[in-house]
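Take a look at this single chain, the form predicted on its own, given in structure tokens.
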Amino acid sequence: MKKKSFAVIGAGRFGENLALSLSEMGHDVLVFDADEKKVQELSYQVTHAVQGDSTNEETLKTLGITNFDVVVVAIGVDLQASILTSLILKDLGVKYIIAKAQNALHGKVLEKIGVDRVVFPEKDMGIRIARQLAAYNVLDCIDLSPDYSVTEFIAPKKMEGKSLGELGLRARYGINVIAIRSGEKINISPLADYMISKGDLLIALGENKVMEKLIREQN
């Protein structure tokens, strides 16, 4: 894995967890927050932790903010600071900006500014959990876009004893099974003659609504 450099502006719950996770993965992480106490707490867990005002352009320049591969604006409830910080980062020419949005309107403003990716942590997690609750055998899903995702689910009972070819997941649903885990064995890009066994874990790529329909029909 190539080592990257990240700057996380805002050390609230989302920003802190993001920064710590990236640091644990071995990446260089700068945390920047107005709260001196929070900065001190994180200073031993990330590469750098700095206290300051993210809406001050000169401060961001001093940090060498344009040298980071990715800058994440994880500012919480202060929407004005979030928008102004994102605008300054864009003007400075930061390579890639990700910003947390509190609501749809906030997200639209960030997109208008030119933020590369807008995320809605609470909304995204809510959708993810809802999918898992609605289809009890869905273990996890990773959104690739608003409409498509990679979904991990336990093979429904109706699939057991059938081959992938018999199920016709690609032809009938446009769903591609990219891997299957059976016990301790993992089959990458399984062939059409692979027989589904009880307890098999399927990892599939497809349209969300179609994936939900498939799992619903097979249960």
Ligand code: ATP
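What you are looking at is a predicted structure, and each value in this text was computed from that prediction instead of being measured. Just count from 1 along the sequence shown to find any residue number.
Omitted here: the form predicted together with adenosine-5'-triphosphate (ATP). The next part is about that form.
Taking adenosine-5'-triphosphate (ATP) in the predicted bound form as the reference, which of 118, 81, 87, 109 has a non-hydrogen atom within 4.5 Å?
Of the listed residues, the single hit is 81.
State the residue from 204, 18, 196, 11 whose non-hydrogen atoms include one within 4.5 Å of adenosine-5'-triphosphate (ATP) in the predicted bound form.
For this set of options, the contacting one is 11.
Any idea which of 54 to 62, 161 to 169, 175 to 183, 147 to 155 reaches within 4.5 Å of adenosine-5'-triphosphate (ATP) in the predicted bound form, heavy atoms considered?
It is the stretch 54 to 62.
Each of 34, 77 and 102 near adenosine-5'-triphosphate (ATP) in the predicted bound form, meaning some heavy atom within 4.5 Å?
Yes, the whole trio is in contact, each within 4.5 Å by some heavy atom.
Is residue 38 a contact residue for adenosine-5'-triphosphate (ATP) in the predicted bound form, using a 4.5 Å heavy atom cut-off?
Judged by the heavy-atom cut-off of 4.5 Å, residue 38 is in contact with adenosine-5'-triphosphate (ATP) in the predicted bound form.
Going by adenosine-5'-triphosphate (ATP) in the predicted bound form, which residues of 148 to 182 come within 4.5 Å of it through any heavy atom?
Contacts from 148 to 182: none.
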